[in-house]
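In the block that follows, a single chain appears as structure tokens, in the form predicted on its own.
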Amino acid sequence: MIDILNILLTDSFWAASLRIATPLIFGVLGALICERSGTLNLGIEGIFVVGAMCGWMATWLGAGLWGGILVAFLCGAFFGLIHALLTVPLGLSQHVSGLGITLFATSVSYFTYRTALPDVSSPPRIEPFQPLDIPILSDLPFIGLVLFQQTALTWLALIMVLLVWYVLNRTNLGLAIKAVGDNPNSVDAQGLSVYAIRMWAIVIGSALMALGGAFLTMSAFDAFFFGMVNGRGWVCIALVIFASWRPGKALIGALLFGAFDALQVRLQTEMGALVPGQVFLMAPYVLSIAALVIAARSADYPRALLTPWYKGQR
């Protein structure tokens, strides 16, 4: 009989949960910023892919790890700018534009990979980010392995949670972002540009999404391969609703999904001969859907989400 409680109390389990959650943290923060400003960004799945490919390829070509992170950030911002131009001043369907960005970004990534490496059967490897070994702190019981032996990108994700929370809740910029997502007319009446605020929110949010993809190739793995994003972008869209558009709850939601995923890996190892592997693979998604249904009933969504705004229109 599997002792699930014993698994849940091990430091290695929670260390793995945090690693699995890291790309989701970047993605859910990016989606949260976009939606707080009133724009749904369904381009997240493709932006994950382009961030993973561009960050890895830049590193492989000699830009270094942090150079690769910068390239991924800028690529995500570029595709975010396309989505912003289509949905904010032009007022086109956010659903259609987002899905188009996903298809476009994914296709461009795969085309670039195949063009740059036409005769390669397996992708070249890079030296990924290594876990930080912080003296004394890394040796602490339980928390040492969970927190202080993660890579720099995991720490960056946790810092971004604090930064996004601070900006949204303690600055005038955050107030403006939330206002354009709830009542853009009030923002326009104050003499601020609704278009500029929304577009910058989409660009920065998309850039953060790309860092989630870059984590996969530059920290979790050491190469880019097709299908590696595996629906993580769509999970982030659901986690934003679970989090009620709040950074703190977004972190909790990402950690819960990471824990579900880490648990299914361990259960599959212990019970793989008794239960089909597909049952374990779908378990994190089923549990996430259940949590989403419970949380969504009390979610306080931005009032102007999905609603185009035109200057001078009341």
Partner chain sequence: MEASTVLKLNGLAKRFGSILANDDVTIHLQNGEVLALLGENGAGKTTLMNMLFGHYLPDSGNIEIKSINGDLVPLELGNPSAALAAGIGMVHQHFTLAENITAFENITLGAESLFSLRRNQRKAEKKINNIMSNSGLEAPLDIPVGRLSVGERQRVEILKALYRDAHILVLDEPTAVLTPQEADALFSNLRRMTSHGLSVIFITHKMREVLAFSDRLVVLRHGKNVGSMETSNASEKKIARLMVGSETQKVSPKRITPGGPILSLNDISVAGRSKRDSLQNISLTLKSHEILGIAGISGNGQNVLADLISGLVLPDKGSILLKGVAIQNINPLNMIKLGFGRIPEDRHRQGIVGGLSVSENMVIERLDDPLIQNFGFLRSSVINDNAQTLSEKYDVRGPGIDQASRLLSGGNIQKLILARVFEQQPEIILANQPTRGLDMGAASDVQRHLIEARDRGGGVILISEDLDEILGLADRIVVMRDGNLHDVNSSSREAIGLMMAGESV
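Not measured: the values here are computed from a predicted model. Numbering follows the first chain given and starts at 1.
From this point on, the text means the form predicted in complex with its partner chain, which you will not see here.
- Proximity of L173 to its partner chain in the predicted bound form falls within the 4.5 Å heavy atom cutoff.
- Its partner chain is not shown here, and in the predicted bound form it never comes within 4.5 Å of any heavy atom of A238.
- Its partner chain in the predicted bound form comes within 4.5 Å of no heavy atom belonging to P135.
- At the 4.5 Å threshold, heavy atoms of N185 reach its partner chain in the predicted bound form.
- Comparing 186-194, 152-160, 77-85, 127-135 against its partner chain in the predicted bound form, the single stretch with non-hydrogen atoms within 4.5 angstroms of it is 186-194.
- When you look in the predicted bound form, the only residue of F111, F142, F226, Y166 with a non-hydrogen atom within 4.5 Å of its partner chain is Y166.
- Interface residue among L216, A179, L208, I101 relative to its partner chain in the predicted bound form, by the heavy atom within 4.5 Å criterion: A179.
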